[in-house]
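Below you'll find only one chain, the form predicted alone, shown as structure tokens.
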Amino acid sequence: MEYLLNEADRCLKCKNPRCKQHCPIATPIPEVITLFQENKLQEAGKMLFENNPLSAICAIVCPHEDQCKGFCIKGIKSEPVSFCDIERFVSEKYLEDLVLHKAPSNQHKIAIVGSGPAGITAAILLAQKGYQITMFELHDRIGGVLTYGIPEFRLPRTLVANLEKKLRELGVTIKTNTIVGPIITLDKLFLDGYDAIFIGTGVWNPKTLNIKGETLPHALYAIDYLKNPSSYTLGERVCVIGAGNVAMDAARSAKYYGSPNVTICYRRGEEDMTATKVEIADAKEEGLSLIYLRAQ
């Protein structure tokens, strides 16, 4: 707590806050920090949640270096204010204690296809307005990339569980292990009385390298591997091609699940890596090897 208060005290409360301007959802950062300094945690959490129901998630997984933190005026001559740490503390506490109340029904039904970040956000906002929401999810758990794409050691599953609890409190019906498209068509949904359909299925197709060997038994796409890394036996040596956050997650997961020698190969230098500095630092600390300037 002392660290967070020190970070808050470092904020200059800029008249034209660049941190807020470079946040994709314009999080009211100076206002939240002021409330935090005044120990008004409930008010700060409410402000964050109403601006973004997934604030507790974004505080962890957003590329802060390219957004709020990267444009903090303090960062020009010293370290930028780490607002994300304050946001995480406030948002997690607020989400734990939050009680959402469902508005009176407006007699309209909406189907939400996909329960990832977009689907969860839409469901919360629409249910609060009185819509009857049914969420359709292909997998056995909600969350999309939050559950099946980001390792648990980086994003605690308790956050997704809390969001699911809030959805159910709002009266949202969640149908897991249900695919919309081949059998349950959009026409059938409209036939069953849905007034609108929100499609938030995400992009689950891997980005291929188009090189020889991609179909061999031990060649895997990171986005597929991260769905359930514990089900794979990768062996002693693993090579991960690429240097974005997904590559870091795959490499760290491989190490976590028992592969002792994990190497990340990248076609450019370290300064060009697209993963966040935090992810790169964590990968190095965990003993992963990095090889630069290598290409097929």
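This structure is a prediction, so every number in the text was calculated from the model and none was measured. All residue numbers are counted from 1 along the displayed sequence.
If you look for the form predicted in complex with a small molecule, you will not find it shown, but the lines that follow are about it.
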Open item on the list: If the criterion is a non-hydrogen atom within 4.5 angstroms, does every one of 118, 139 and 204 touch the small molecule in the model of the complex?
Closed with: yes
Open item on the list: Is residue 63 part of the interface with the small molecule in the model of the complex - any heavy atom within 4.5 Å?
Closed with: yes
- [ ] Verify the contact flag for residue 174: yes if a non-hydrogen atom of it lies within 4.5 Å of a non-hydrogen atom of the small molecule in the model of the complex, no if not.
- [x] no
- [ ] Indicate whether residue 74 is a 4.5 Å heavy atom neighbour of the small molecule in the model of the complex.
- [x] no
Open item on the list: Can you work out whether residue 149 and the small molecule are in contact in the model of the complex, taking contact to mean some heavy atom pair no more than 4.5 Å apart?
Closed with: yes
Open item on the list: Exactly one residue in 154, 168, 108, 102 has a non-hydrogen atom within 4.5 Å of the small molecule in the model of the complex; which is it?
Closed with: 154
TODO: Find the only residue in 180, 189, 159, 122 having a heavy atom within 4.5 Å of the small molecule in the model of the complex.
DONE: 180
- [ ] Heavy atoms, 4.5 Å, the small molecule in the model of the complex: which of 131-139, 90-98, 189-197, 74-82 makes the cut? Say which one.
- [x] 131-139
